[in-house]
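Only one chain is given next, in structure tokens, and it is the form predicted alone.
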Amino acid sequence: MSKPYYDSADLRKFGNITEWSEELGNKFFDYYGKVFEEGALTAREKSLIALAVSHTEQCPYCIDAYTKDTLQRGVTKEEMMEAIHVGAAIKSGATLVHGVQMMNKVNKLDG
């Protein structure tokens, strides 16, 4: 069997992105860390949002990281799955609403 394209071990190498662009990499990690600090949303809520977005963005590294993180923060399997369904509903709705663009184009071409 061939090796999968995504290697879960690569997630541990994420911090290495600063090697080829230290200034921008460090700015990203500063921003990323600041975003996940407690604020109007709890760290638990932010982790659950991150898990849902990880699925809509189809990032296997993010899915692994935030599945583990949400479990560590006491999020239940049911809450995790519901959050994924919310993300999927928004993603599919955003896809379908772009059908209006297609409809407008067809109407313009037919007119």
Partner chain sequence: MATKSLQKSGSDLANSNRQIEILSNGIFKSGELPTFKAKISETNQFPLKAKKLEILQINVGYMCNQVCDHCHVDAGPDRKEIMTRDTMKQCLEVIKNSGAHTLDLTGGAPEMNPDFRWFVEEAAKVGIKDFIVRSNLTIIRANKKYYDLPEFFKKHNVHVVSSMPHWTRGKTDKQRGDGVFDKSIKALQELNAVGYGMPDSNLKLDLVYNPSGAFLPGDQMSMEKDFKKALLEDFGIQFHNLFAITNLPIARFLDYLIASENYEDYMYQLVEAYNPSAVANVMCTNTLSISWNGYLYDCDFNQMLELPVNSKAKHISEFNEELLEGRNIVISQHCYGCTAGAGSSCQGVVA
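Numbering follows the first chain given and starts at 1. Note that the structure is a prediction, hence the values are computed from the model and not measured.
Not pictured, yet referred to below: the form predicted together with its partner chain.
Novice: Please tell me whether any heavy atom belonging to K27 falls inside 4.5 Å of a heavy atom of its partner chain, as the geometry stands in the predicted complex.
Specialist: The answer is no: K27 has no heavy atom within 4.5 Å of its partner chain.
Novice: Would you please decide whether G33 lies within 4.5 angstroms of its partner chain in the predicted complex, comparing each non-hydrogen atom pair?
Specialist: Flag for G33 set to no.
Novice: Although its partner chain is absent from this view, report whether E37 comes within 4.5 Å of it in the predicted complex, heavy atoms only.
Specialist: E37: no contact with its partner chain in the predicted complex.
Novice: If you check in the predicted complex, is Q72 within 4.5 Å of its partner chain, heavy atoms only?
Specialist: Looking in the predicted complex, residue contacts with its partner chain include Q72, since a heavy atom lies within 4.5 Å.
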